[in-house]
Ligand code: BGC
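Next up: just one chain, as structure tokens, the form predicted on its own.
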């Protein structure tokens, strides 16, 4: 779950294009194909460039893609970039040199990867942006992702429900909340935050929520979607999140103050937050009213553990098998001489409106954690391991 570098002004302009269009997860216009005439056939090599093996999510994605494409009759070369933009560019160049006819890219940095993608396109490759949009390039044929704003909506709704905000909760005394956004070089991050902030901001205005810390320069009702980088966690890194939360705890919660909720956009960030709270406030006990509502995303093993034991309230689970299946469907359709259809809309990357497919994520809480086993994301043995104390 993490993506491309956009300056705040760029994000604002893209947001204007995208708006709130239906189920498209941030779509601008209805789907249209770029009409690529690139030839691909069964038996050809497909190159896959994933960002890192360090995160459970991307290992699952890589495995699913490779398996599905091989079953569909293609050869596959799978590479991981160790979260390095330069390494990913080298990987893409190597995939082209190895004879790939299509390149599937889950970018480390969606802007930095542009030149390598342009070269791949010039060499005759189909280019598919996978989960993370490739920015400022006119060489992207298709984009496969999840409904981006839905992630933030599910996270915010969980907080709103648990704090009973719709029914007057946190009155007359405001509840304290801390907010984090994803990596500053990830194009998905501002959309996650937009979905959440559009729902939470009214409660800052009503006085039901407040942020007593100086995180990001201070978050008030005047905070805007375009300010998201002020509270970002670079590379979605757990240790970075923990350091930020350490500063927050020392500044605003060192004398017994109550922390009611933390908006975290990703399970590893949630883990960093949890570690910090445990270190600074041992009096705050998971599973009791003294512990804050903490959100997350990606359904990682650590999230299953944390949710089961009351340390995290929910995670937004994205069944990435759906992305692999859609990607394989696109490539298979092209190999049969037909043009893909059924787009959910388009996403503007600063250069073009990219024909896009949007899958639907879901919220997991303790009551439905086993869903990950039921859809094949993890095994029953792994699930049992995850829920051990």
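Just so it is clear, the model here is predicted, and its values are computed rather than measured. Residue numbers count along the first chain shown, from 1.
Omitted from view is the form predicted in complex with the named molecule, to which the following refers.
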* What is the one choice in 101, 158, 194, 132 with a heavy atom within 4.5 Å of the named molecule in the predicted bound form? -> 132
* Selected contact from 44, 55, 359, 68, since only one has a non-hydrogen atom within 4.5 angstroms of the named molecule in the predicted bound form -> 55
* To do: Tell me, please, which stretch of 124 to 132, 92 to 100, 221 to 229, 164 to 172 lies within 4.5 angstroms of the named molecule in the predicted bound form when heavy atoms are compared?
  => 124 to 132
* Asked: Contact between residue 236 and the named molecule in the predicted bound form at 4.5 Å, heavy atoms?
  -> yes
* Asked: Looking at the partner-bound form in the predicted bound form, is residue 297 within 4.5 Å of the named molecule by any heavy atom?
  -> yes
* Close approach of residue 188 to the named molecule in the predicted bound form, 4.5 Å, heavy atom -> yes
* Asked: So in the predicted bound form, does residue 150 come within 4.5 Å of the named molecule, heavy atom to heavy atom?
  -> no
* Heavy atoms within 4.5 Å of the named molecule in the predicted bound form is the criterion; list the residues of 312 to 337 that meet it. => 318
